[in-house]
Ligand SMILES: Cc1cc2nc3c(=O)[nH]c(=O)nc-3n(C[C@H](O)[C@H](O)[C@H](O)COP(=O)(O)OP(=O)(O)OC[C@H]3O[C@@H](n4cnc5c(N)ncnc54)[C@H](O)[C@@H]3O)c2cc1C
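In the block that follows, a single chain appears as C-alpha cells, in the form predicted on its own.
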C-alpha cells in the first residue's frame, strides 16, 4: 500500500489526510502541538449567498492581493471552495445561520460557527480522521536524492527515526518567527525550511500579513468591524475615516496606517460598544470571554490594540495540485504559495485554501510511488526569542534598507535571513510589504529563492 506522511495537523493537514485515506493510501499524520487553524475566529469565505457569486469573490480576492494574485489559482479557489464547503456540510458540519462581513469583501459571505470557526472545523475533522495514526514530535529533516523526496526524519522524545513516504507539508506559515504574533509559538516556518534544504523553491517570502486589531497577542476578529466596531485613537478619532472602505479597509493598509500614526505618539483601541450588547456576547462569545479574562469588558470598554504578525502569503512554491519543485514533496495550506493571496490575503480565504488545495494535494500525492532510499537533509534548531525580536524590530510592518541590512547582520536563523533578504530585494511597496524608502509600486513580479542560488530572483511566475 502507498504511504503518505502529512506534516501538520491543522485544517489543511487533516483534510488532506482524510482524502488520502479515502483514496486507499496508508496515511500517517505527524506534528507538534497546535495549529493556526484552531485560532481562526471569523470564518470561511464562500459565495453561498443569494446576491453573491464566485465572480464577485474572485474580484474581491484580486483586489486584496494588489496585483500579485495568480488568476488561475484564484479561480480554482472560489469555484472549488463552494464545492468543498458543500462537501463538509453534507458530511455533517453545521454553520450558524447568517453570513458575516469582513474587510474588502463586497458581500456578506463569511460562514461561521460562533467566533471560533477554525476550532470547530478542526474538531469536526479530528472526528473524521480519528482512525488515522498520528505521532507527536518535530520533523527535523527530509530524506532526499537527486531532487526527489523519499520520506521524513522525525524526532520525538529525543529519539530520531526515518520514515519512507511521499510527503505532504501542511505545517503552517512563519508568523511565530515574530515576537508579536497571533498564532501558536511553534509556527515558525519549519515546513518552509524542510522544503528549502531539500532544494525546493520558495516564493514571495517578503509578504507576511500583520493583523491590525490584536490585544496582548489575542486576535480581535475582523468580523467585529463587520458588525460595526470602530478603530479609534486616544482622543476618540476614527483611524480609517478618510479611506473609502473605512473600518473594512484591507489589513495591509489598516496595519500600516496604524503603525505610522503610532510612531507619531498615537495609541489605538477597538470600540465595540456601539454593537448591541446581547448580540455581541452571543455572536462573539469567545472573544468577549477572553477580553474579560484580560481585564476588559468588550461591551462597555475600549480595547487597546496594535498590529501583530498573523499570516504568511509567501511559502513553498507549488502548482495548483500542491506539487513542489522536488518530486515526492507536496505542500498545501499556509506553508504553500500557489499565488492565490498575492501580496495580501483576503480575510477568511485561509480556511477555504486549506480545503481546496488539501483536496488537490491529496489527489496528486496519492498517485506517487513510495521510495526507500535517501540522504538525510536537516533543518537545525528552532528560532530563538532573540531572532523573533530582531524580526519584529527590523522586518516588521514598516521597512527600509537600513533596517533590513541591520537585521541581516544580527540574525542567526536561516528562514529569518531568507525573509529579510527577500524584503531587501523587493524595492517597492505592495500589499503587506511596505518600504518607506520605496513607497511606490513597480511591475508586478514574484520573488523566488532556492538553496542553489545566492540571491533572490524576480520573475513573472
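As the structure is a computational prediction, the values presented were derived from the model and not from experiment. Positions refer to the first chain, counted from 1.
The protein also exists as the form predicted together with the named molecule; that form is not presented, and the subsequent description refers to it.
Colleague: Which of these residues, 291, 125, 219, 280, gets a heavy atom within 4.5 Å of the named molecule in the predicted complex?
Modeller: Going through each option in turn, the one that passes is 219.
Colleague: So which of 42, 407, 396, 431 reaches within 4.5 angstroms of the named molecule in the predicted complex, heavy atom to heavy atom?
Modeller: Spelling it out, the residue with a heavy atom inside the cut-off is 42.
Colleague: For the named molecule, considered in the predicted complex: do all three of 315, 325 and 339 come within 4.5 Å of it, counting heavy atoms only?
Modeller: None of them does, since no heavy atom lies within 4.5 Å of the partner.
Colleague: Quick check on residue 142: any heavy atom within 4.5 Å of the named molecule in the predicted complex?
Modeller: Residue 142: no, not in contact with the named molecule in the predicted complex.
Colleague: When the contact criterion is heavy atoms within 4.5 Å, does residue 168 count as touching the named molecule in the predicted complex?
Modeller: Outside the cut-off, so no.
Colleague: Does any heavy atom of residue 32 come within 4.5 Å of a heavy atom of the named molecule in the predicted complex?
Modeller: Contact with the named molecule, yes.
Colleague: Hey, in the predicted complex, is residue 344 touching the named molecule, heavy atoms inside 4.5 Å?
Modeller: Outside the cut-off, so no.
Colleague: Based on heavy atom distances of at most 4.5 Å to the named molecule in the predicted complex, which listed stretch, 92 to 100, 300 to 308, 179 to 187, 224 to 232, is the contact stretch?
Modeller: After filtering at 4.5 Å, what remains is 179 to 187.
Colleague: What residues, if any, in 2 to 33 have a non-hydrogen atom within 4.5 angstroms of the named molecule in the predicted complex?
Modeller: 7, 8, 9, 10, 11, 12, 13, 30, 31, 32, 33 sit within 4.5 Å of the partner.
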